[in-house]
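Just the one chain here, laid out as structure tokens, in the form predicted alone.
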């Protein structure tokens, strides 16, 4: 089939016999990650860069075919920058900030997802998932060469797991036969169908929406479409109830057609039928090549809990949302960002293992936010009652002329980092006049700083960031150190740093977590308050 011509399959980690397979008793590892997709590779990269020994087990030998996830958000790129591989992703990806919404053959309105300057990263890049995984794996190889204790084992399929109080035992099948190993901590990154989740008798809770969407990735070299996100409600070309168009690298374009619930999937996936839809949209004179196709349904579901003793779930194995809004892989990367530093502190003995309960607290909060937005998008895109259809049509009519109606139009609320408002690791917000966007629980907004950017200076540990305020060079509380980053509003003549962190305040002190979320903030340094907030951020109180 035409999918076989898609040349994005990379055989990155071919099977090789590991020493563990010849050990007389199961070898025990600090962390085992199951699943070598983007979330599993990112998890290994995060831990390995901390010096934590980690083994990745995958039942394949590399990256699968098809572009699958393509929209990677600004926050994901910021995380990738910290891991060392954001640059290659930006260089290969198609950068976009602008989107347009159409109804029939008319533009309803357009939007800019990043209208302000002073950020290293754009709102989004479009990059086929195989490339995203390849860049993560290449960074793993670079870290391995520098001594990072990361192993990636292809064709190691987990057949059974046996959780115990202080470890997990895994039964693994390979081309050389079975073997067994143990893990202090097991992280399940094995996808939406998660065999590990099934082995533990766990399941998702939530909604499956009765509609189907056909994805077609096509190669067009003479397209006149701009590098923007275009979404049609009730498109004039009648190829589906709605249609989405994105550009990807290598002259690949992603088209999503909403095709209804009661369809014959095998029939719809025939090349002749896919081409009929594309020809109606593009015109019969446009030359293109079909490179990949799939059909999916909207699902907004999650596990009730992401932590089950020594087994922790992340990414699609823990939650699912509809693709509109680009919340799948991006929310999975936020899972990794949240879990990595916490597990590192627990393994080093610097924090109690109840810190991992905050992973469950914060990321189920994030999953609920994503599911809420995704459900609203789905209900707007695919109205199921006459009343909801009338409401959507009225909103679209108004949005063509009136700006107040445009925020109500929902063609997929696009991914932004979750803010952990009111959750247990947050310390005080004692910065009168401080901007809401940098309140405790929020991801630090980037800002220009000299010849670079703020997020590059924050690093990957606890940081005591001062803006025109005095403080010691480091604060250590019960074995955990926050190092000072001393800044002044004058360091950024554009004024973005002051606007994003001081607001109307004259000075500020921020305690920033290793995942670059704000833990607490004040208008001046208070040693007792900072030490208390550092303990809170590590779940020590």
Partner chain sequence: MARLDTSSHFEAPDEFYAGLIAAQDGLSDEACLAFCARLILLLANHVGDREVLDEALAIARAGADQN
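The term rigid core refers to the maximal set of C-alpha atoms that superpose within 1.5 Å between the two forms. Residue numbers count along the first chain shown, from 1. In this text the structure is predicted, and so the values were computed from the model without any measurement.
What comes next is about the form predicted together with its partner chain, which is not displayed.
Looking in the predicted bound form, any heavy atom of residue 391 within 4.5 Å of its partner chain?
Residue 391: contacts its partner chain in the predicted bound form.
Is the gap between residue 386 and its partner chain in the predicted bound form 4.5 Å or less for some heavy atom pair?
Residue 386: contacts its partner chain in the predicted bound form.
Although the partner isn't part of this model, could you tell me whether residue 395 comes within 4.5 Å of its partner chain in the predicted bound form, counting any heavy atom of the residue?
Yes, residue 395 is a contact residue.
Find out whether any non-hydrogen atom of residue 261 is located within 4.5 angstroms of its partner chain in the predicted bound form, and reply yes or no.
No - in the predicted bound form, heavy atoms of residue 261 and its partner chain never come within 4.5 Å of each other.
Would you mind picking out the stretch of 398-406, 415-423, 80-88, 263-271 that comes within 4.5 angstroms of its partner chain in the predicted bound form, counting non-hydrogen atoms?
Every other range fails; the passing one is 398-406.
Honestly, after the rigid core fit, is residue 406 moving at least 2 Å at Cα between the shown form and the other one?
Yes.
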